[in-house]
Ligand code: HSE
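Encoded as structure tokens, the following chain is the form predicted on its own, with no partner shown.
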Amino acid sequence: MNSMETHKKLTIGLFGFGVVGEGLYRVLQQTPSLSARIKKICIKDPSKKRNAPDILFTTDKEEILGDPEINVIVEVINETAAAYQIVTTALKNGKDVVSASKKMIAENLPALLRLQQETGRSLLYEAAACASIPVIRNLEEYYDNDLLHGIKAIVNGSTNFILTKILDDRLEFQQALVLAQQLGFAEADPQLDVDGYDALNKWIILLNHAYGIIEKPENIVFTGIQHIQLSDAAVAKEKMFEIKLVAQAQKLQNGKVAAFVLPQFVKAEDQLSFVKNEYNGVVIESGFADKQFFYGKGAGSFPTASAVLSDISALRYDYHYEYKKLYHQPNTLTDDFYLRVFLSFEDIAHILKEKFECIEEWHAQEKRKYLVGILPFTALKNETWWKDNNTSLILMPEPVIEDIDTRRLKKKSLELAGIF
């Protein structure tokens, strides 16, 4: 038998015809070898002019979800509640699903995992993590978590673009944000990107595939780039660092995992320093393979559509995530470690100095002051002092410290005690 005959024919019902949906429609037209066709597209506004035949469109979701001929649902809409309803209904109706909705997946992972087990159907969502970078499939297939020492990533193209403009072009934050909006890299309401929520949602998904950890978004320590100052960029340049919003997970010697999403100084030789503008990058460190670096566009019509297309293609072979780490070798998060941090601020009165194990550097400039010191991770968890009052926290390179000699550090701190 010809191996091509074993491919499953895919008849697709598409929800959403925005940037990604239209991108997918165009890409599918250019890949006839896939044996996949879009039968119907569900949209909200029928009066809007679209670059596809009118007969393809409907406003009735049941026309797609109830059609027995449609065996794959592709969901690329922006509304979390509606996306969840579409995905769960499709799975219950015996259809495989491809989704790009990171917020919906991050907030509903336990329920979505249960449904996949109950229905035996596949839910794939490579496009929800790093768009064109195939990181989920690689974590699923190639990295046993006993050998996965760490993973760090730039997963949000909008914030990376803004930081590139602040660092390289010396734009103020607001100028860089407006430019990102004009070029289509940031939304009209940029809070989800700028404040770190988008990166957080992607990190919830990747933690599951990297380490078998399921955690609610509200339990992860995170912030975005909303408080990064030009003066922070000047310090970075002086130290020959870049500033990146980095999602990081690291396996500690006690076997537990440290994880967070925070701005970070990155050394010039670090692979992530090469990730500029709207690009994403992922560095995976494993036991025997050392470091591997994935790089690609993290947003946009065709990069995201290509990830959706990859998932659709995998469904021809009935591919599904096995969640081997989650079901066979789950890890747990820990708060029992320290971070080396840079903190810039206007008034020392707003800084909880008693939280620090030690202060290693202190600089008092006219408007903004900054210090470098070591904090227990618990000083950040469930507390906001480090992001209130226009305070900017940036991790130093290689920020995670598992064990410290507190007596030696306290002695060093006493030498700087005059600052307090």
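This is a predicted model, so every value here is computed, not measured. Between two forms, the rigid core is defined as the largest C-alpha subset superposing within 1.5 Å. Residue numbers here begin at 1 and follow the sequence given.
There is also a form predicted together with the named molecule; it is not shown, and the following applies to it.
107 to 115, 182 to 190, 240 to 248, 211 to 219: which one contacts the named molecule in the predicted bound form at 4.5 Å, heavy atom to heavy atom?
-> One stretch meets the cut-off, namely 182 to 190.
May I ask whether Lys102, Gly157 and Ala299 each come within 4.5 Å of the named molecule in the predicted bound form, counting any non-hydrogen atom? Checked in the predicted bound form: all three residues contact the named molecule.
- Decide whether Glu126 counts as a contact residue for the named molecule in the predicted bound form under a heavy atom distance cut-off of 4.5 Å. Contact check for Glu126: no, nothing within 4.5 Å of the named molecule in the predicted bound form.
With a cut-off of 4.5 Å between heavy atoms, is Asp198 one of the residues that contacts the named molecule in the predicted bound form? Looking in the predicted bound form, residue contacts with the named molecule include Asp198, since a heavy atom lies within 4.5 Å.
Q.
Given a superposition on the rigid core, I'd like a yes or no on whether Glu269 shifts its C-alpha by 2 Å or more between this form and the one not shown.
A. The answer is no, as the C-alpha of Glu269 shifts between this form and the one not shown by less than 2 Å after core alignment.
| message | So, superposing on the core, is the move of Asp189 at the CA at least 2 angstroms between this form and the one not shown? | response | Yes, the C-alpha position differs by at least 2 Å between this form and the one not shown.
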